[in-house]
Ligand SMILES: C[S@@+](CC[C@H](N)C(=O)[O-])C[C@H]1O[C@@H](n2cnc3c(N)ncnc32)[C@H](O)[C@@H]1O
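Below you will find one chain, with nothing else, as structure tokens; this is the form predicted alone, and questions on how it binds or moves follow later.
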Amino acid sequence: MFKHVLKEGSASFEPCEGIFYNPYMRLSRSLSVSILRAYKHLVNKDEPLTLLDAFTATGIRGLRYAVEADYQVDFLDFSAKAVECASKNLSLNSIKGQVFDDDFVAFSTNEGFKSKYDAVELDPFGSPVPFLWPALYMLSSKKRAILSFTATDGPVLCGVQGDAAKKYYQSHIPHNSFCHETGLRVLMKKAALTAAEFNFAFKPLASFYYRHQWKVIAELEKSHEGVMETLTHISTAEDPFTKKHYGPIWTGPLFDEEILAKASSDDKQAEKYLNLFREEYSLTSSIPYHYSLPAIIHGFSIKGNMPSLSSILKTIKEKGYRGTKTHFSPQALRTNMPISDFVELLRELSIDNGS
């Protein structure tokens, strides 16, 4: 029955011919598992949480949520072949769960499922925007819920296709050296405003970028006061290089500190990223951008040998500022040091290092 079984995390699965499976998103799935597992332990340790994997394909993401995070998962796809594949993979893992053959938007209007799920997972091709409202409608009877979604429309979220950004996200997105963070914050802004239509406060548990994919996992809570607080985290921002304004974007934190403290993973790469998230958490709400060292070195014609990132961060802190690494790039950092001072610091360090 099973021709080519693979292992990812604690789940076994068969990719199935003709069904999309991206092995490079293993890390994203491992991080998502760790965040959802931490959430369940903190919020609902003993009670079952139900989740709909709405674009399931092989079912691997939902399988891992069931096997590793102890969620009760149902699976949905509009492809009959994907439904067959996911069903086989449920059987392979001895998981109980329904597999639906349907279009998600149509499925979301079925009143019989409106109060069934505590969480909805959206992993479509391209933008999740057309599916945010249907997902939130499905969750709207809950006092508290989880919305987890990905985006892969890079040219739009990185500002290359400006008209599309305005049309789908209602934001002006510059194409700059920190566009991956800007794109993430625009995506979060769009989801937060859509959630507000259902009187849901929007609280990010973890939001990150990895290999052309933006990922957001957020807690939703019915609360007028919470929605008003959510709206304070949405505004335009200033590009530190051009001084031009862009957005609106989400200017609040990208992570939840308590969730990060609880989250862990057997995947060494995922654990490395969790540590990066913990490191940069404190600066993600006050500084909605990061500095790319190659971009600054090129843009300001800085000559000489550049010191290590750790040396730069040490000097930043010695000067009384805060600074951290960032998961967005191994050649970038986050700091509250003004750009003019930071450029001067790099000039000084490059001269000292080159002498």
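Computed from a predicted model, the values in this text were never measured in an experiment. Numbering starts at 1 and runs along the sequence shown.
The form predicted together with this ligand exists for this protein as well; it is not shown, and the discussion that follows is about that form.
*Asks:* Does residue 55 make contact with this ligand in the predicted bound form, using a 4.5 Å heavy atom cut-off?
*Replies:* Yes, contact at 4.5 Å.
*Asks:* Heavy atom to heavy atom, is residue 76 within 4.5 Å of this ligand in the predicted bound form?
*Replies:* Because a heavy atom of residue 76 falls inside 4.5 Å of this ligand in the predicted bound form, the answer is yes.
*Asks:* Should residue 131 be counted as a contact of this ligand in the predicted bound form, where contact means heavy atoms within 4.5 Å?
*Replies:* Residue-level check for residue 131: yes, a contact with this ligand.
*Asks:* Given that the partner is absent here, does residue 104 sit within 4.5 Å of this ligand in the predicted bound form, heavy atoms only?
*Replies:* Looking in the predicted bound form, residue contacts with this ligand include residue 104, since a heavy atom lies within 4.5 Å.
*Asks:* Work out which of the listed stretches, 76-84, 89-97, 162-170, 201-209, brings a heavy atom within 4.5 angstroms of this ligand in the predicted bound form.
*Replies:* Among the listed stretches, the partner-contacting one is 76-84.
*Asks:* Need the contact residues for 115-131: heavy atom within 4.5 Å of this ligand in the predicted bound form, sequence order, or none if there are none.
*Replies:* Residues within 4.5 Å: 123, 124, 125, 131.
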